[in-house]
Structures are given as structure tokens and as C-alpha cells.
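Form predicted on its own, single chain, as C-alpha cells, below.
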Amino acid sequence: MSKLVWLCYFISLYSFAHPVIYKDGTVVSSSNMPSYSDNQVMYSWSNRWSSGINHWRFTKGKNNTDMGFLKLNHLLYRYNGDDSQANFYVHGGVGIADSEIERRQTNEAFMTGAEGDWETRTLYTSLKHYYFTSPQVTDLAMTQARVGFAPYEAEFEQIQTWFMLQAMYMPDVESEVIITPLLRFFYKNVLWELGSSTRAEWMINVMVHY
């Protein structure tokens, strides 16, 4: 496969799983586990920048922290090889937080983050780190790493299938690393993931791009 065709294949199949996609593209996504959820709508106004609204919920015991942000994403670096692609993104957001974990209070909130990935048509790795803070309310952090592989090389009109292993650490919510095997599927403009952690905690993620 030529480099030009390979790059077009990446753009059409994989880019919508990233924080920034093609110009004028919109992504609606929802990631959910018992300990957290991440829901957002993002619009890419260039192939380097996207912005939108983002809601997070963190659960510790029976208490929740909800955070809503106006969020900005930036593709800081991209590498396109003959048979692989790598990306590095940075994130920032401002909004409000309503927390029950430390004490019930609503206040302004801020988030920062960075993530990187490397992938081929059959291999995938990624690492993310987010930090959330609300003065006098709470501070939260999340680190997530993934490795995965595809058992076959699918064409654009076929369902893409990936087997992945995710490790996630949220020290202010859960003291242990949460290990989650999962299956990722995507077909045209829809991506969905199903998994269960080693502690039998469910995971459901959905992403659609327009």
C-alpha cells in the first residue's frame, strides 16, 4: 500500500477516535464505568484544533463529583510513517464542579491533560493523563494506558475489531489500578467498546462522528 493511500486510510478509519479530527467534523462520545463517566461534544474547526462541552462524573462510594467544562483540544504533533501513525494532543478546560466526595460545594473548575498514541492497522498503544482542580472543593487525576491488536486487517466497508487491555489509575477515587480487557468495534462513523474489569466492573463506550 502506497504512503498516500495509507494516509487516506488512516484519516478515513481512525481519525474520529481522536480528540481532533478533520476540519468541520463533529464528535459525540460517551465513556462509562461505575467509577467515572466522560461525555462530550467536540467540533474540529481545523485539523489541529477542536472545542466543545465536556461533562465528567467521578464516583467514590455513594458520593459523586460532577464537573462541566468548555474544553479546547490541540493536536501538537503528528507523525505519519509508511505503515504507522503517532499523535500527541494537549487539552484544557474551564467550568464548574459540584462535589460530594470531600464536602458538598459548587465552585469554578479547571482541567488540563495530555495524551499520545501510536498505531498501525493491527497494533495500538496510547497513554493519557488528565488533572482536574476546583479551588476549595477537590483535586482529581486520571491516568489511562492501553495496548491492543486487531486480529485481521479490515477494509473500510467492514467492521473493524480490536482486542485491548486498559489500565486506569484515579488515586483520589480508587486506590488500585483498574485493569479492563475490552473489545473495540467500529464501522464507518460509529465506534463502540465493551469490557469488564478484573473486578467485574462493566465498561461501555460509544463514539459517533459527523
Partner chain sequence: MKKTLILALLVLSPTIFAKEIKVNVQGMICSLCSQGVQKKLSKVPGVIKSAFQLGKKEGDVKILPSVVITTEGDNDLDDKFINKLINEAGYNVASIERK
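What you see is a predicted model, and the numbers here were worked out from it, not measured in a lab. Positions refer to the first chain, counted from 1.
Another form exists, predicted together with the partner chain; not displayed. Remarks below refer to it.
Engineer: Heavy atoms within 4.5 Å of the partner chain in the predicted bound form: which of the stretches 166-174, 66-74, 181-189, 49-57 has them?
Structural biologist: Contact-bearing stretch, as computed: 181-189.
Engineer: Consider the chain as shown here, without its partner, and state which of Thr106, Ser84, Thr133, Thr125 has a heavy atom within 4.5 Å of the partner chain in the predicted bound form.
Structural biologist: Of Thr106, Ser84, Thr133, Thr125, the residue with a heavy atom within 4.5 Å of the partner chain in the predicted bound form is Ser84.
Engineer: Has each of Tyr36, Arg146 and Trp202 got a heavy atom lying within 4.5 angstroms of the partner chain in the predicted bound form?
Structural biologist: Result no, not one residue of the spot touches the partner chain.
Engineer: Hey, in the predicted bound form, does Arg121 get a heavy atom within 4.5 angstroms of the partner chain?
Structural biologist: Looking in the predicted bound form, residue contacts with the partner chain include Arg121, since a heavy atom lies within 4.5 Å.
Engineer: Within a 4.5 Å heavy atom cut-off, is His129 in contact with the partner chain in the predicted bound form?
Structural biologist: No.
Engineer: Is Ala154 close enough to the partner chain in the predicted bound form to count, meaning some heavy atom within 4.5 Å?
Structural biologist: Contact check for Ala154: yes, within 4.5 Å of the partner chain in the predicted bound form.
Engineer: Please run the contact check for Asn80 against the partner chain in the predicted bound form: heavy atoms, 4.5 angstroms, yes or no?
Structural biologist: So Asn80 counts as contacting the partner chain.
Engineer: Heavy atom within 4.5 Å of the partner chain in the predicted bound form: which residues of 24-40 qualify?
Structural biologist: The stretch touches the partner through Asp24 alone.
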